[in-house]
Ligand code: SAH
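Only one chain is shown below, in structure tokens, and it's the form predicted on its own.
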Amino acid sequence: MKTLNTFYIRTYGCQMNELDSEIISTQLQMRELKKVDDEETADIIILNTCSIRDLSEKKVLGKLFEYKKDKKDKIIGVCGCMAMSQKETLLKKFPHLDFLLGTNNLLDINKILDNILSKKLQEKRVDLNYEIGLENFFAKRENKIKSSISIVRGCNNFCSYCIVPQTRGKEVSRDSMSIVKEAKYLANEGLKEITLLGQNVNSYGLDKPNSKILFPDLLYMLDKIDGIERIRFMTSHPKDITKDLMLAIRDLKKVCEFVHFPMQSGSNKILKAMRRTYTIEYYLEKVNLLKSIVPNVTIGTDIIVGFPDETDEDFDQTYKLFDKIKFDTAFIFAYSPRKNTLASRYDDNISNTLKQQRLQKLLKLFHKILEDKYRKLIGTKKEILVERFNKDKKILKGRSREFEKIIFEGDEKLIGSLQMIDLESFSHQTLIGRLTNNKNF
């Protein structure tokens, strides 16, 4: 039987994927395997994948073709969303691939390896149902300053362009006491910031009719934990955001004043085709209410341009609304059809050239909005959580409560602490400052 000593994990996609990789990594380390940073020295290669965008899938497929030419004596596996969305084809297309591990079967990694070693057969575990015990497995975190906690897995929204319901299953809210227990575990490990994760954190608890704990209630529970300095969350679906949540952001000391609140499009026609279940009027109502309750809140968004049948008028509505709201953070993408989604049946009738023109136009607007905002911030102060040095070990990096990226010169001992920074300039999407002399902020 082959002896396994080392493993390599490459993660594609979102923070949820990164957390899943840490869950897998922790189990392998409990098996006394060593994590390595390059494929060449690894006995096991794991690609933890994302299916949200076409580019991520192409990168993974490219890697699998590469391994086909030179696998050597390695065990190769695909985890994550591609393991779910392409579970019928991957093992057939790549006979050198040893296993598929789905998003709900993460605790099966060692069983899979044992079976591969003993039976020398391909393994596949890709259940849509949430695995018992997963919510009580606390992964060892690589980042010792901040990390994520999954509070709800899966999604019930079925947006027409999105593959997530097919790759992560239906929404399942995690037990609140398990979440609190993990947050306390991270606090005891010295972490200062947690980000609560879910495809739609606002729907936390709604899948349990008898539950008395909804998302705002969970925030109040977590705010009491000693050691945790900051609490973030993402992502928020407009249909479920409530006034109670907005009040929690305002009133709770540790909850940061930043809400990732995807709009996707400024056209009601396109929103309907996307199956987003809200109108722009409703979205604006929520944004205005949030800004009135939390005046210093910053808002992030996701935008898809070039969705099927998006006219110049539809895009113009998106452009004008983006300019009106003046988003502080934005992830803007050109539409690409995802296999097995409702939108994949639509005629992808917007040319790539036009998609890119619209993408660049919106990006240009976003950069102008940021420049205007950052100019106004010069001469003010921001509290940041100092996270790490840059590559040359001279400049420290961190983020404000409102999620702005800030850099400054400082000593290594500041990493992991909250510091006040005088803002002096900016470059692109980064604010530049110096350590405030007055420590009594």
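Residue numbers here begin at 1 and follow the sequence given. These numbers come from a predicted model, not from an experiment.
There is another form of this protein, the form predicted together with the ligand, and it is not shown here; the text below is about that form.
In the predicted bound form, the ligand lies farther than 4.5 Å from every heavy atom of I395. Heavy atoms of R338 reach within 4.5 Å of the ligand in the predicted bound form, making it an interface residue. Under a 4.5 angstroms non-hydrogen atom cutoff, the ligand in the predicted bound form lacks T277 among its neighbouring residues. Shown alone here, I350 lies farther than 4.5 Å from the ligand in the predicted bound form, counting heavy atoms only.
With the partner omitted from this view, the residue of V287, V152, I241, I304 that lies near the ligand in the predicted bound form is I304 [heavy atom within 4.5 Å]. This chain is displayed alone, yet in the predicted bound form one of S148, S173, Q264, N202 has a heavy atom within 4.5 Å of the ligand; that residue is Q264.
With the partner left out here, the ligand still marks one of 159-167, 105-113, 251-259, 128-136 in the predicted bound form; by a 4.5 Å heavy atom cut-off that stretch is 159-167. For the stretch 27-66, the set of residues having any non-hydrogen atom within 4.5 angstroms of the ligand in the predicted bound form comprises I52, R53, in sequence order.
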